[in-house]
Structure formats: C-alpha cells, structure tokens
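For reference, the chain that follows is the form predicted on its own, supplied as structure tokens.
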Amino acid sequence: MSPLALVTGITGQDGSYLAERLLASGHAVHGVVRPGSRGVTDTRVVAHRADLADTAALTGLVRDLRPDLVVNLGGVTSVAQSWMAPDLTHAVCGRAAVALLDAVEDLRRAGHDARFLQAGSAEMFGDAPTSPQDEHTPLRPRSPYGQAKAFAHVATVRARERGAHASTVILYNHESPRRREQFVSRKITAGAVAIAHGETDHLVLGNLGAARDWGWAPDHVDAMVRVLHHPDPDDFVVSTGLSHTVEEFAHAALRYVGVSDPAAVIRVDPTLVRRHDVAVQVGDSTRIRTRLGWRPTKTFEEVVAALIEAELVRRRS
C-alpha cells in the first residue's frame, strides 16, 4: 500500500505544493479542508471537511486514517488577522497542533508509528535578542499568531522528547504565484503591474522599513519533504539568510515593470502599519543546510521577478 499523508492547510500555498510533491513520490494524500471554504483542485487528493478548532474531529480523523505522515500547515496565516481574532488563532494554530500530536501518540502506543511535522514561523521569535535567528534563539512572540505558533512548537518538542517522530520547520517569509492577495508580496506585485498598465499611478503600503527574509515557497516545501524523510526528528530553521525591506521589495517590483523612479509612486498609509510589528527577521538555516543538504534555489530578485511574471500571466488568461 502507498504511504498515507494527512495534511492540514492543504488548500493554501504550501499545502498545494506539498501535496504535489507527496503525490509525485507515491504517497496517498488526504487533506483537511475547512467547512465552507473552497475545496482542493487536485482530484488525486482526498478531502476531509473538518474545522481545526474541532479537536475531536481531528483526533478522530487521525485515528480512522492511521496516516504515516501528519503535516500541520493549517490555521490563521495572517499576523494582522490574528489580532482581530486571537481566540480563533490560538485554537486553530495552537490547540489543533496539540490534538494532532495527541492522536499521533495514541497511534504510536497502539503500534503504528506516524511522523509529524509542525510548520512554525519566524514570528515565534518576536523581537529576538540576536540576529540572525537559529534553532536556539529564545521564543519571544509579540502577536497572537506568534504565540499560538510557539505553543504548537513547544508541544511538538515535548512530544519528540517522549519518543514521537515529531519535527518542526521554522519558516521565514516565502512567496510564490499561489500566495493569496492579502499578503504584502501580492499587493506589491499586483500594484506594480496595475501601474505598468496605466490603471493607477501609485502603490499604497504600510511599514516600508519592515525587513523580512524572503524565500521561494517551493524551496520551503522541499525543506519540509527533506525533514519528513530524515530518520532523526529535530527543529529546522528554513530561511535564505538575507533580509530585504518592504520598500526594497516594492522598488524591485516597480523597476521590473519599467518604473524608473519607484519612490515617486509609493504612498504610505499609517492605518496599514501593524501594531507591534517586528522590525527585522532573518534566519540562520545552517542546520538544515549541513544536515539535509537543503539550499534555496532563487535569489530575492528572482523571486520578485517570478511573482511579477505570474501577475502578467493572470492578466492574459
């Protein structure tokens, strides 16, 4: 029988790329899909409608499917949204992970070993005392999203200490054409293309000085696959090791579409500046590079170019 993978958040950017990778390697892929949301587009994926806040449904699903891999990507994905719905964020980003871990441990006690992977976030580090951050950097989250991810991270570490094959990937910003429109990367690239087409003459953004470690989503998913198949579970920072500001991202996108003076078309709206926003995030991915041979395949400029090209393709389709 094909190994079975259960993936939460399968309709998101990372979930869709991961499903494709697992299917290509011969896995049967099942995904958790929120009731009322759009379903999976890949007919090879078996979808299960379940709310991540419904821990009984999650544990029942793991018990019934007896998966070989459980990958937790689901939950609130926006820091801004987490401020508007902190209780929901803690439920679907924190307690859901604990429910899945408990179910995996129940399977292990019954003689079925399943590997678990928790998708963490650089937001767990908050205003870190050191830069770049690695797996030993203290967790100091500043947002409900970061707090919930930190809760899930610690729960995964504790499960591993009890004998579970439980790993975490601490993901820094990663983009792709599948990124949804509420993220600043899509806002910038869509805005740049709109300017190039003469539909507007300015791009409105919030905190231009926020610096992020921007990578390529398929590279980050490749890291997940490597961690899942590595015999020794552990925690792994996944990052490029370089940071660029929102302003630099916008300038790169605008120059790519032919705007000679990007600064002249950028407007700052103070209402878009997130409270308690972390100023700089940059990760040290030495561990996953040395142990698992992982490397990013695209530079920052290549990521921006790929996103712009995807916007142009959408225009033509």
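Nothing here was measured: the structure is a model prediction, and the numbers come from that model. Numbering starts at 1 and follows the sequence shown.
The same protein has a further form, the form predicted together with a small molecule, not shown here; the description that follows concerns it.
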Non-hydrogen atom contact Thr137 with the small molecule in the model of the complex at 4.5 angstroms: no
4.5 Å heavy atom contact, Leu101 and the small molecule in the model of the complex: no
Any non-hydrogen atom of Leu73 within 4.5 angstroms of the small molecule in the model of the complex: no
Heavy atom of Val246 within 4.5 Å of the small molecule in the model of the complex: yes
Among the candidates Val169, Leu205, Ala166, Val221, the residue which, in the model of the complex, approaches the small molecule to within 4.5 Å (heavy atoms): Leu205
Heavy atom within 4.5 Å of the small molecule in the model of the complex - the one residue of Asp64, Asp277, Asp261, Asp42 that qualifies: Asp277
Partner-facing stretch of 175-183, 103-111, 153-161, 129-137, counted where any non-hydrogen atom is within 4.5 angstroms of the small molecule in the model of the complex: 175-183
